[in-house]
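First, one chain by itself in structure tokens, the form predicted on its own.
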């Protein structure tokens, strides 16, 4: 893909739209956190959640606008760095920032009830199922890199945007289905989520090796090898964070209650 051609197709207005969108996400989140913290009946929204949200926005923004995003159009290894930022790191940071919890304490009681009803609806429950979320996330990547889709999205701006949107949303839903930070309508056991995560992790690693051996259409072998290694080792680093959080939540929920009572009394 010719970088100059893509930049011309994308056009500066679209880049500005993305920049305003990311700035808006930060402004809205910070406003919601500060305004609800000022209410007497609510606790102060934690500072670390602001930090996580802002880092998540910067992570996603780096993959969509700026020099790294521009370079990713002509260098598959750089594209893979963007994939890790947009599809794995940003979703993890956003999930840890608990946006749904913040939304529920920001809106009115009636609106919160409607949102809760929506979260309990069957379409949301299906998409949020660990198995379905894994297929949407890892399966989507297999389709992207083992068909002509990767080459096609380099020639079509709308397709490019849709693929990136899917990568982010699928990454977010997958992460949210594995570690529970926001309210969940239907909770799956830690064992079930762990098994689903292991299969998803295996699918991601096998795909990275497949890319190493069989470059996607239009990608040079040296770039595919570099991209495959970035996907393999970079994905492992982010997956380790999810594993740690999942195990920590598992430990907290299953530790003996008597020890909790002793600690609280102490």
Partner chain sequence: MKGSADQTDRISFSRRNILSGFLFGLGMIAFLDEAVFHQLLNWHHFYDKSTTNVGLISDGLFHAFSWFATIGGLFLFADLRRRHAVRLTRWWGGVLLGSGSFQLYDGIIQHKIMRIHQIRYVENVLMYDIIWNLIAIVLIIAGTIVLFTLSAKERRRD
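Numbering follows the first chain given and starts at 1. Source: prediction; values computed, not measured.
Although not depicted, the form predicted together with the partner chain is the subject of the following passage.
Heavy atoms within 4.5 Å of the partner chain in the predicted complex belong, among the stretches 212-220, 66-74, 53-61, 33-41, to residues of 212-220. Residues 194, 199 and 244 are all found to lie within 4.5 Å of the partner chain in the predicted complex, as judged by heavy atom distances. At a distance threshold of 4.5 angstroms between non-hydrogen atoms, residue 47 is out of contact with the partner chain in the predicted complex.
Remark: residue 27 does not count among the residues lining the partner chain in the predicted complex, judged by a heavy atom distance of 4.5 Å or less. Contact check for residue 250: a non-hydrogen atom falls within 4.5 Å of the partner chain in the predicted complex. Using a 4.5 Å cut-off on any heavy atom, the residues of 224-241 that reach the partner chain in the predicted complex are, in sequence order, 228, 229, 232, 233, 236, 240.
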